[in-house]
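Take a look at this single chain, the form predicted on its own, given in structure tokens.
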């Protein structure tokens, strides 16, 4: 009897079907963010970040061209288990002969068609998309959709509308709706004189931007944030603002695990939101003291977040995407580590005896609930995880592959 077969029998004693867990995990798609590969620089002319975000570190071998980023992603995706999607920011447009001739409000599907082709060639489930409201001269005085300057505001509305049109075509081409995340860095460094005005302008801009979008192929969501570098005192798109906006417009909220106060946890927000929303979008990163976007690892909050998705049968309702950018380590390793960590946390959640625990809670046997929480923590999870990988043609020994690619490809980039 193999170790997996022994573990399968042990889990069965607690009412957990490991075969069902493995199958269910294999059907959960994780959307992988392209911007870890080049430190969120993109290909449309930006040379540095702005808008309250930054990347730290200078590990050698950053992808500098579309060809280099595609090569890195291809190797990384080959080392990732499960179903996958690719998440693209608008600043990753491949403009070709249009570079310098058009601006972000003029982007078309053709500028992203190579991304869709790459996704199809690599067997991905779908493509997701983000308008890029940062790293651009028209981010005037730190404001975009909430700007009091009408010319600036309308430029960003046009950009958003263009992105929604591009997303619809992406969805059609992939046969899977495209999740579109709307995040703006708008805010003020110090105490503002007017907190309502910018939010009223943001409502106007979002309404204009979202008018007439393709609801069959596009799933838009609004993403809040507490603060950013240079906008510490006031963020226009706060959590309360966007939850109310989404609720009144019948659309998604996006929860980013780094965009709340340090003592808040997103895991508790998921069931609260599921009580009112049919779908949620999720950006998973690892905040260390603030929205630092460290590489995702299997920590307590990731496990709790995954439990809320699984035990509420919300793996078809919560759209999981990763969002981190660490330039202090090998970026290829960062891709693989983050995706595998997400899958590990989801599998850990799938190997829980929820029905028995829920029954005990409803009967007010909270002692048993606590006992069960602790009892299953140290069951042989790794045996099930390695069986999951084996069935996907993978193993835990992927370090040598990353090192080989680093030495043969990345090290030659100068």
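Predicted model only: the values in this text are computed from it and were never measured. Numbering follows the first chain given and starts at 1.
A second form of this protein, the form predicted together with a small molecule, is not displayed here; the remarks below concern that form.
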item	value
Listed residue that, although the small molecule is not shown, lies within 4.5 Å of it in the model of the complex (heavy atoms), from 308, 256, 72, 315	256
Listed residue (30, 40, 63, 349) with a non-hydrogen atom within 4.5 angstroms of the small molecule in the model of the complex	40
One stretch from 190-198, 323-331, 338-346, 118-126 that, in the model of the complex, holds residues within 4.5 Å of the small molecule by heavy atom	323-331
4.5 Å heavy atom contact with the small molecule in the model of the complex for all of 84, 112 and 173	no
Contact flag, residue 286 vs the small molecule in the model of the complex, heavy atom cut 4.5 Å	no
In the model of the complex, residue 225 touching the small molecule (heavy atom, 4.5 Å)	yes
Close approach of residue 159 to the small molecule in the model of the complex, 4.5 Å, heavy atom	no
4.5 angstroms heavy atom contact with the small molecule in the model of the complex for residue 388	no
